[in-house]
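Have a look below at one chain only, the form predicted alone, in structure tokens format.
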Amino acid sequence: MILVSEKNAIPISVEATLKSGQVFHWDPLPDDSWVGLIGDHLARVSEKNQRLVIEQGTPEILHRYFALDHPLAQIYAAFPKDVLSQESLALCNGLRILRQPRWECLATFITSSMKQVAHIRSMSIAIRNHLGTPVEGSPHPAYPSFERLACSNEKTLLDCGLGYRAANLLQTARILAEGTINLETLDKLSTSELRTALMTLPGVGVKIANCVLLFAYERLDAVPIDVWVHRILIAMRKGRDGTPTQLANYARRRLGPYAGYVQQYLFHRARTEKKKPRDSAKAN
């Protein structure tokens, strides 16, 4: 079954979307499909003629998760016209910002601090294997609920490779289990209010808060600034650095109303280009 959101919809790139550092537990299969969980919902998807093909899973859940209703034509028209942004748009065409389950997204990015994508994936899978609920047909268990994780202990999370992040994740899970903060009702807040609320949780600074805003709350103007994006913004500012607040304000002005989308394309392009082998002529 092929899903498109509208007639003449701009296509999706499943690989770029799932490998762009938004999510960390999907697995490629030999037949070029991908298998993963949306909460505890098992899904397998592939791509045909740059359209999403559902091999297994509920269409409504997958339509929402892959944000097939995002107006990519409108978003692309709003991309900055500089060379770097346009090259990123061409390279990553079809990459979509996912709508992730809020707790799972928050928890995963709390564990992401000072870690590369491969390490974040390793920790995410370890947490699932230690504390998650098995789902038939899935290579990995579902991510544990905050209630389940709140009943765990720091040693278990340390055994998952979290290091100092273990205490932050455990404390956040317990705050949510106590009902002090409700991740679903936070959606009613403005973006700035929501960012402030998220940053009251242990281990959530401005970068992680912006990841959660973008990937779980669909605030498409949120710009997570990691090492990659920091370098890109400095280059755009012709070598001028700035405080995190200054760079975030610049990014929102410079990248436009869909700054989160532009950031993700710039981020994925930078990582993709970094991984390409260089010939001797380019290296010299």
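Model, not experiment: these values are computed from the prediction. Heads up: residue numbers just count along the shown sequence, starting at 1.
Note that the form predicted in complex with the DNA isn't included here; everything after this is about it.
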{"property": "Proximity of residue 207 to the DNA in the predicted bound form, heavy atoms at 4.5 Å", "result": "yes"}
{"property": "Residue 235, heavy atom within 4.5 angstroms of the DNA in the predicted bound form", "result": "no"}
{"property": "Exercise: residue 133 in contact with the DNA in the predicted bound form, heavy atom 4.5 Å", "result": "no"}
{"property": "Residue 140, heavy atom within 4.5 angstroms of the DNA in the predicted bound form", "result": "no"}
{"property": "4.5 Å heavy atom contact with the DNA in the predicted bound form for all of 165, 215 and 267", "result": "yes"}
{"property": "Listed range touching the DNA, judged in the predicted bound form by heavy atoms within 4.5 Å, from 225-233, 25-33, 45-53, 58-66", "result": "225-233"}
{"property": "Residue among 94, 161, 71, 80 with a heavy atom within 4.5 Å of the DNA in the predicted bound form", "result": "161"}
{"property": "Stretch 83-101 - residues with a heavy atom within 4.5 Å of the DNA in the predicted bound form", "result": "none"}
